[in-house]
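Take a look at this one chain, the form predicted on its own, written out in structure tokens.
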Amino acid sequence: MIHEVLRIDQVGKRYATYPSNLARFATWFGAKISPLSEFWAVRDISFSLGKGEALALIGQNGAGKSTLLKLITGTVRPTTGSIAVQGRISAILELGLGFNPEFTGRQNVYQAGGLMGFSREQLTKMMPEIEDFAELGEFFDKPLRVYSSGMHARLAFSLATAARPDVLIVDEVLSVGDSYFQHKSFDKIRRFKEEGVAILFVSHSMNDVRALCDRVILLDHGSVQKDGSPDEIVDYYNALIAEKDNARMLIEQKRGESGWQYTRSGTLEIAARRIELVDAETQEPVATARVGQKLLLRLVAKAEANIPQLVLGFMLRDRTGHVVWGTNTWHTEQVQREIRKNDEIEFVLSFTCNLGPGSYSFSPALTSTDTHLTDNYEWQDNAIVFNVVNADRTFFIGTSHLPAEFSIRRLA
């Protein structure tokens, strides 16, 4: 049984507008005064988090993510519900939160670290590790007002993770850092997770969510819209974004026998009638491909309405959801125009299977431009799932087979 370290039970936060400050003050002492208006930033939120579990909160701006994190960290008090925490929370919420721009990085570690509950002696002991991990060089002893946003992120993350917490909360702050520090930070987050730290993660990077998290909660207008596995919720969220501009759009989900999550969305003004992966020579369907095998990915689309222009895109992902490859006919300059109702168009993508052993999926998208946010006619996540085996190539690891050879000679 997973040891629970955080429980959120029916939590809500209301912001009310009263006729005067005196009326608001009176409500603090139990006076029954109706507000002129009220806004619920979050409402009826419930979930729990166990040791070593990573949970992502996703949603568009204004969904209630930041408010919920402030409630959990105690920065804001809930209007309804309760929050129970077992252990110490360490949070990276906003750049510069608790920092003084006139203080140096070292001085800010003492100030902000003190607000986190550490003694000066503890911070002095942790200081070399904080300084080493931040890699700020001489800037560690310069005022924060000369720091870039990436340097702010380095200092904030290094302080928040100097001592292992029971719950680590990370809210988008790493997105402003350079790629080297992002990789370094995610490695530390993964290590914390392996050591039993519970992770609460907020990010707009769905690749990071897929790679790090065991579970995802989708928030919309302050409420939980969906709660489930990363592949299910992330695919649903991507479809939901397109739906905002396509009122007639369909969204359907199911999990196949192979375990892959299938998500289909779109207006279906034009849709795939058939999609298949076949051997390039025999034309036989392929469920398990060999490294180096020549394949054809064939899709036939039929129009149910007149379409001004059509773009087909394919995205190839591995079992973890990582995007291995993708392109579309917008970028290859093969846009199809003036398609009439009942027209059928066949697209054939020929390629050599230079993939590593494992399980993969193709996701096709029929759109009008290079993005499904303009016109999402049909998007199918994991429409074709297939395996790859290494039958006759030299052993290698990874998701890509490189036709590489060693050349060796002994030097005198």
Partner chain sequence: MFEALWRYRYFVLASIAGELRGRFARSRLGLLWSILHPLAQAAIFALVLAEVLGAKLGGVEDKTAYPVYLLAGMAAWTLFSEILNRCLSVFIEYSGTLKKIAFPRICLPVIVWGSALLNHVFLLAAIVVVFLFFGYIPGAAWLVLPLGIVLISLFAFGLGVMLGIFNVFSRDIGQILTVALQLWFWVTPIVYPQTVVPEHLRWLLHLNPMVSLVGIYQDALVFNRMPDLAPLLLPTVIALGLFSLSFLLFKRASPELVDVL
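Residue numbers count along the first chain shown, from 1. Note that the structure is predicted; figures quoted are calculated from it, not measured. The term rigid core refers to the most C-alpha atoms you can superpose between the two forms while keeping them within 1.5 Å.
Below, we refer to the form predicted together with the partner chain, which is not included among the displayed structures.
A single residue from the set D187, E284, D141, E102 has any heavy atom within 4.5 angstroms of the partner chain in the predicted complex; that residue is E102.
Among the residues D132, E121, E252, E195, the one placing a heavy atom within 4.5 Å of the partner chain in the predicted complex is E121. Put simply, Q60 is far from the partner chain in the predicted complex: not one heavy atom of it is within 4.5 Å. Using a 4.5 angstroms threshold between heavy atoms, A84 stays clear of the partner chain in the predicted complex.
The closest non-hydrogen atom of S223 lies beyond 4.5 Å of the partner chain in the predicted complex. Though the partner is left out of this view, H401 does not reach within 4.5 Å of the partner chain in the predicted complex, counting heavy atoms only. For the candidate spot formed by L310, G321 and N382, no residue has a non-hydrogen atom within 4.5 angstroms of the partner chain in the predicted complex. The partner is not drawn, yet in the predicted complex one stretch among 362-370, 23-31, 47-55, 345-353 has residues with heavy atoms inside 4.5 Å of the partner chain: 23-31.
Shown here without the partner chain, the chain has only K70 in 41-71 lying with a heavy atom within 4.5 Å of that partner in the predicted complex. Annotation for F103: C-alpha shift of 2 angstroms or more between this form and the one not shown, rigid core superposed.
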